[in-house]
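Here you get one chain, nothing else, as structure tokens; it is the form predicted alone.
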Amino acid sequence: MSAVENPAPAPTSSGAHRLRPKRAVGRRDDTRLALLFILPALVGLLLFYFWPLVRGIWLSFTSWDILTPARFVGLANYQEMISDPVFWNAVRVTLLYVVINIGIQTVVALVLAVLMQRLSRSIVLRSLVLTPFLVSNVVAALVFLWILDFQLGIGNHFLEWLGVGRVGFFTTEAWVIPTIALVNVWRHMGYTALLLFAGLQAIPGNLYEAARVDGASEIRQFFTITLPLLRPILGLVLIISVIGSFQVFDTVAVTTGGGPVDASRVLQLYIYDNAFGQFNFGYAAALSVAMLVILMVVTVLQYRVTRAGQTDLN
């Protein structure tokens, strides 16, 4: 008897055919279908975002009044911008608006989100909180302009009845930017609160239960559990809110038009005035590029400081 055993019989061709993995069917068709769905958004992105961005950067190096062909002037627009006191005033006013708007809006929205999570999760309540966001910026600005009018506004009549006296909310330099910021806080705080409320839903409830067992108060739970675990969503909300705040335009245009004495002339309004008021599109494009650079720097700093890309939830 041989010491070497006979090898196992080789599988038949039909068996090999059965063991061979089947090739994926329809993958190419799925890819084409996915590209077909993406195509409209891609075309819109290229036509309404990428091409205007490229053309705007090119126009920033030209002198163009829309009536004559654009003339290349190099860095002349940027040199004019650096020495333009109105531009630097617009940057200062915009930064003041952003600080007031984002600071108050974030705190109020965070309080609303926590209250909705801890006290009530009613859909009706969420709808009521979101109601101001459904009002357009122009309508909200006009309503508050009438309410806070120095002579006829019911708000000033109420202040006078309280003995405080009338306040020129939209007509004095000290009050105009805080007033505009608070109008936009009223409109956007509900939307921001719902974004934060969605982030709160991702925090496990057993963490709060363990904290209550250990005797932690609600305030202690907020600072040791809620804030650290909400950091990624809070960072994302701050980035979106800051970008939107830098682009404030309609509220200012409807209520003050940049006054009094350029006290509310934000950067976006200054760009609009140069482009469509003075037909100086080259300089307006340079201002837009400067605003883009400011937003990029602010966004990167926010992303790093808030560590929005990291989470403590494991």
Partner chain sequence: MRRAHSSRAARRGVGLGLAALAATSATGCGIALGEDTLALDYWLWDANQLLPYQHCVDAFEEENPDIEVRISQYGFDDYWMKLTAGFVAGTAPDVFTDHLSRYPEYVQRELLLDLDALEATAAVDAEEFHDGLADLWVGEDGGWYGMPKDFDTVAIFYNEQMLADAGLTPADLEDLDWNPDDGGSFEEIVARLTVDSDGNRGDEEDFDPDDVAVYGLASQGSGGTSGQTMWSWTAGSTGWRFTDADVWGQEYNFDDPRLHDSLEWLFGFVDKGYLASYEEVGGDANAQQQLGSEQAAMSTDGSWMLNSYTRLDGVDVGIARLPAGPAGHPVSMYNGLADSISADTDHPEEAARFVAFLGSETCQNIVGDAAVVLPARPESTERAIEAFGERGIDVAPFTDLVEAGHTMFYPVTDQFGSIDALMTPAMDEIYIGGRDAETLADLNERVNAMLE
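Positions refer to the first chain, counted from 1. As the structure is a prediction and not an experimental result, all values here were calculated from the model.
Not pictured, yet referred to below: the form predicted in complex with the partner chain.
Q) Given that the partner chain is left out here, which of Phe249, Trp51, Phe276, Trp58 has a heavy atom within 4.5 Å of it in the model of the complex? A) Of Phe249, Trp51, Phe276, Trp58, the residue with a heavy atom within 4.5 Å of the partner chain in the model of the complex is Phe276.
Q: Taking 4.5 Å between heavy atoms as the contact cutoff, choose which of Asn206, Ser120, Ser217, Gln151 touches the partner chain in the model of the complex.
A: Going through each option in turn, the one that passes is Gln151.
Q) Since the chain is shown here on its own, which stretch among 241 to 249, 284 to 292, 60 to 68, 37 to 45 would lie within 4.5 Å of the partner chain in the model of the complex, judged by heavy atoms? A) Heavy atoms within 4.5 Å of the partner chain in the model of the complex occur in 60 to 68.
Q. Quick one: does Gly199 come within 4.5 Å of the partner chain in the model of the complex, counting heavy atoms only?
A. So Gly199 does not count as contacting the partner chain.
Q) Counting only non-hydrogen atoms and a 4.5 angstroms cut-off, does Pro232 reach the partner chain in the model of the complex? A) Close contact is absent here: in the model of the complex, Pro232 is far from the partner chain, nothing within 4.5 Å, heavy atoms only.
Q: Using a 4.5 Å heavy atom cut-off, state whether Thr224 contacts the partner chain in the model of the complex.
A: Thr224 lies outside the contact set for the partner chain.
Q. Does Gly168 reach the partner chain in the model of the complex if we count a contact as any heavy atom within 4.5 Å?
A. Close contact exists here: in the model of the complex, Gly168 approaches the partner chain to within 4.5 Å, heavy atoms only.
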